[in-house]
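Take a look at this single chain in structure tokens; it is the form predicted on its own.
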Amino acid sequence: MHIPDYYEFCCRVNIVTDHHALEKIPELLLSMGAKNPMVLTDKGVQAAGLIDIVIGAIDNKLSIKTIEDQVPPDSDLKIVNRLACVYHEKGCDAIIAVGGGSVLDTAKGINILVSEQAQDLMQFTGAGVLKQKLKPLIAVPTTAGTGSEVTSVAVIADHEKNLKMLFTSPFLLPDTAIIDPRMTLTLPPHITAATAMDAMAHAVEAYVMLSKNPLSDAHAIEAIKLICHHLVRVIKQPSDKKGRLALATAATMAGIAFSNSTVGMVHALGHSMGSVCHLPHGNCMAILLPYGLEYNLHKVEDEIAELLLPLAGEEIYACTPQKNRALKAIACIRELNQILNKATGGTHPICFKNIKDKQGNFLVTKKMLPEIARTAMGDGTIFYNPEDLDYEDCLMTIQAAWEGIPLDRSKIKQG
């Protein structure tokens, strides 16, 4: 293992993991001097009855000032601004964010505004802008995927401009992450699959990016192992509490990994797919992950080959010649997508051209691909990718992913 001369690793989040971890929330908030939280969520989480579980666990030990469930599937600049005003109007002193990545990113955005007494979130884009600790924030993930509960990043969309903006600072890390499998038991199979593949993409990209380090590597490898061991079983047995906890743990570990190692082209293209076509992020990650590895193969073949061990297990790793391990690892990810497609009754997508909305309309057309490629060129994660990308490279990659065919590696311009 190559150990870089210099690297940084940070995870300041207090992680509480248990089948009844929610009951710790009052004690945790009170220890931070807060007792009047805003509960932030979305309508899906509310409808699933998960907020009732959280409120029951709090058991009147806190004075909840408001429950806001207006968060959209993609965290939105206007919603952040509006809810920051609500926070002030209701006299809140903390946020309990209960939901997936959009809810947690929205909470981080709100926390910036209320802590900085600001009105324009845009002045805090980029890295290193925040200079002080924010208000208390407890993150309760309801999907085992985004890892936002332990990341120093928030992605918030400006839908008027079809952009996803990146905010990053150690001060964005939640104070506590509550990992309680009761929050994921109601996830349907296709969302369980998509969110787990989001975590898989975090872990895999963290392991092959330019800023990887031994500590992020350890979290990434263990996350991949947990996902491969438990994901299909949980989809077939949704009430498997131990499996749900394992997947939630994997998502958290993957979040720690990529928060310290960063991600690359898979996320750059995925963010762009989401902003232009409004696709679920997990679906984008599942489809794009093998293409990102194919594109970077000539630069990080050894690292990709090492991933075969957590992806496929000791027997397959030992039986596969060293020269074939990287390609076998990529094939394992494609095979997992095929297994998930079958296990979810065809709802887990394996290419972009076949994804439809509830009305049967195609969400990604071939005409959209150039705009997606152009948008990807402005995504900050692209700078950490092992191989350089230009517009033509992005377009070539998403065209292959749209068709569902392997990337033609002979056309990759090697830098």
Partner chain sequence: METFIEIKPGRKPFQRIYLGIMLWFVGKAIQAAARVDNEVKKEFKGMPANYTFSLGAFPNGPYMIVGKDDKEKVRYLGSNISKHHVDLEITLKSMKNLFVLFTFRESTPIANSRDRMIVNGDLPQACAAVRILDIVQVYLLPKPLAKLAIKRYPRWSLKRHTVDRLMVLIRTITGI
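The shown structure was predicted, so the numbers you read here are calculated from the model rather than taken from an experiment. We call the rigid core whatever largest set of C-alpha positions still superposes within 1.5 Å between the two forms. Positions refer to the first chain, counted from 1.
Although not depicted, the form predicted together with the partner chain is the subject of the following passage.
- Only one of Lys328, Lys299, Arg182, Arg334 comes within 4.5 Å of the partner chain in the predicted complex through a heavy atom, and that residue is Lys299.
- This chain lacks the partner; the member of Val54, Leu369, Met38, Leu389 within 4.5 angstroms of the partner chain in the predicted complex by a non-hydrogen atom is Leu389.
- Partner proximity in the predicted complex, defined as non-hydrogen atoms within 4.5 angstroms of the partner chain, places exactly one of 205 to 213, 99 to 107, 285 to 293, 140 to 148 at the interface: 205 to 213.
- Under a 4.5 angstroms non-hydrogen atom cutoff, the partner chain in the predicted complex lacks Glu68 among its neighbouring residues.
- Put simply, His281 is far from the partner chain in the predicted complex: not one heavy atom of it is within 4.5 Å.
- In the predicted complex, the partner chain sits beyond 4.5 Å of every heavy atom of Leu50.
- Contact check for Gly126: a heavy atom falls within 4.5 Å of the partner chain in the predicted complex.
- Shown here without its partner, the chain carries Asp5, Asp379 and Ile382, all of which come within 4.5 Å of the partner chain in the predicted complex through at least one heavy atom.
- Residues of 391 to 415 that come within 4.5 Å of the partner chain in the predicted complex, judged by any heavy atom, are Asp393, Lys413, Gln414, Gly415 in sequence order.
- In the core-superposed comparison between the shown form and the other one, the C-alpha atom of Leu130 has shifted by at least 2 angstroms.
- In the core-superposed comparison between the shown form and the other one, the C-alpha atom of Leu288 has shifted by less than 2 angstroms.
- Core-superposed comparison between the shown form and the other one: CA of Val153 displaced by 2 Å or more.
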